[in-house]
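A single chain comes next, written as structure tokens; it is the form predicted alone.
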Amino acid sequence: MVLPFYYNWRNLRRRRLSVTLTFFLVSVVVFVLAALLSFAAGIRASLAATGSSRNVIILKPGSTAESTSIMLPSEAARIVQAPNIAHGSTGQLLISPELCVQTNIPRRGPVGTPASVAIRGVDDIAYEIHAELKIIDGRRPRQGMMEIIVGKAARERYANLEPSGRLEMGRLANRVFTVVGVFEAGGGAIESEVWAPRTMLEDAFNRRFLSSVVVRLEDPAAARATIDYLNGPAVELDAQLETKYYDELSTKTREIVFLTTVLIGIMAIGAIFAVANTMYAAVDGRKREIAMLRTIGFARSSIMLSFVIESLLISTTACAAGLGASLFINGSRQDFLSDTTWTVLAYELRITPGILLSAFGLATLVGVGGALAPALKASRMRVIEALRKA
């Protein structure tokens, strides 16, 4: 015979203070978990949407990212010898020399704290190689002109990047570039960038070198041969698939997720003890009641199940509250400073079905883990002794 559900609900309402405090603690743990996982999901989605398996990115050996790569024009000239490079619509090799620098741009909002935003200098050929880039407002910048286009995420996150806006940058911050367009790139990382004519960027920052070269492959299945040639003695550069490059940039994110997961684990253990403390107090305050239930025929297992159900009611409703609070951050734009590229990546917090399941699993673990010992104590209570002490 199982105790009715309203019996559990009535007992929770009688212990409002302890139940409320436990409810609050569990909901905070769930919210922190959801926020962490949405951060990781947003970063992964942004980086996974960046790059193409048909593109190979080439850096200077020993560099960790484009921002730390310094490639001389004479070194980049050897790339044309590589096999399997595709030809463009006009017959030219699809090779894009690119320069990546950083400049501080204030974030939107009343405070306007500065962010280190990536500025990419490219030639016209880059738009054919980076086929995922689409102009959604305005036009491309003209070579030889102080014009820029900005990524959709960058426009939403940072100030002065609307069309016709003006951005001061350069080695002395004395060159004024005009925003002539906005682009999107499937939600990828380059939507956090600003693109400018490469020669104008070289002149503004006094940089006479390249950060990277991106080439388009004729046959993606033969990418290994092209990469081996570029890494070999004939060229002596560091080449890899563009998709692999952006995947490696997410390594720091995985480290943050791991460290924060440890913190959440500690918080979850604290939540389990809080639930256990609440349930132990319930057992001590209901000794006579439990004895009477045993006397009228309820089995030990029914008593034990009743306490587990009460604990799960606390944890699952707290889980719903925590997830409900996390929905307010779902879809919001944030930015993350990478210690690899030293530029910010604008991303969107995402509450995915997997995150909902993970939060529910954590809440269930907390509820069951916190209830087992008190429930076992209640089920083993000696009826005569409990009635005598009561």
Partner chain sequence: MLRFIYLYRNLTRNIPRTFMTCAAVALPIIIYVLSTAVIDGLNQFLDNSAKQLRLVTMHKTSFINPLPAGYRAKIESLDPTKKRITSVCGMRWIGGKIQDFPMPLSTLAVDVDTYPATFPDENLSAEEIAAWNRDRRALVVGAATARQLGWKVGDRVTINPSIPPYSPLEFNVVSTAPLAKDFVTNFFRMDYLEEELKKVSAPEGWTPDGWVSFFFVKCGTHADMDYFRMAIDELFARSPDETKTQDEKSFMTEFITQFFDLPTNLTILAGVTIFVALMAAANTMSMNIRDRLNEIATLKSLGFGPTTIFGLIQFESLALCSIGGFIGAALPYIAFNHTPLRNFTVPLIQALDVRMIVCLESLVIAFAIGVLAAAWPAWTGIRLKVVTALRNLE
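Numbering follows the first chain given and starts at 1. Small disclaimer: the values here were computed from a predicted structure and weren't measured. Superpose the two forms; the largest set of C-alphas matching within 1.5 Å is the rigid core.
Here the subject shifts to the form predicted together with its partner chain, a form of this protein not shown in this document.
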- Though its partner chain is not shown, can you say which of Val28, Ala49, Leu356, Leu365 has a heavy atom within 4.5 Å of it in the predicted complex? Val28
- Which one, Thr316, Asn231, Thr199, Asn104, lies within 4.5 Å of its partner chain in the predicted complex by heavy atoms? Asn104
- Item | Heavy atom contact within 4.5 Å of its partner chain in the predicted complex, the stretch among 141-149, 125-133, 90-98, 266-274 | 266-274
- Query: Looking at its partner chain in the predicted complex, do all three of Arg15, Ser116 and Glu255 come within 4.5 Å of it through at least one heavy atom?
  - Reply: yes
- Message: Test of understanding: in the predicted complex, would Arg207 fall inside 4.5 Å of its partner chain by heavy atoms?
- Response: yes
- Should Ala173 be classed as touching its partner chain in the predicted complex when contacts are defined as heavy atoms within 4.5 Å? yes
- Going by a heavy atom distance of 4.5 Å, is Gly324 a contact of its partner chain in the predicted complex? no
- Task: Tell me, yes or no, whether Phe360 is in contact with its partner chain in the predicted complex, where a contact means a heavy atom of each within 4.5 Å.
- Result: no
- Query: Does any residue in 54-85 get within 4.5 Å of its partner chain in the predicted complex, counting heavy atoms only, and if so which ones?
  - Reply: Lys60, Pro61, Gly62, Ser63, Thr64, Thr68, Ser69, Ile70, Leu72
- Would the C-alpha of Val26 be classed as shifted by 2 Å or more between the shown form and the other one after rigid-core alignment? yes
- Rigid core fitted, then: does Ile136 show a CA shift of 2 angstroms or greater between the shown form and the other one? no
- Message: My question is whether Ala76 is one of the residues whose C-alpha shifts by 2 Å or more between the shown form and the other one, given a fit on the rigid core.
- Response: no
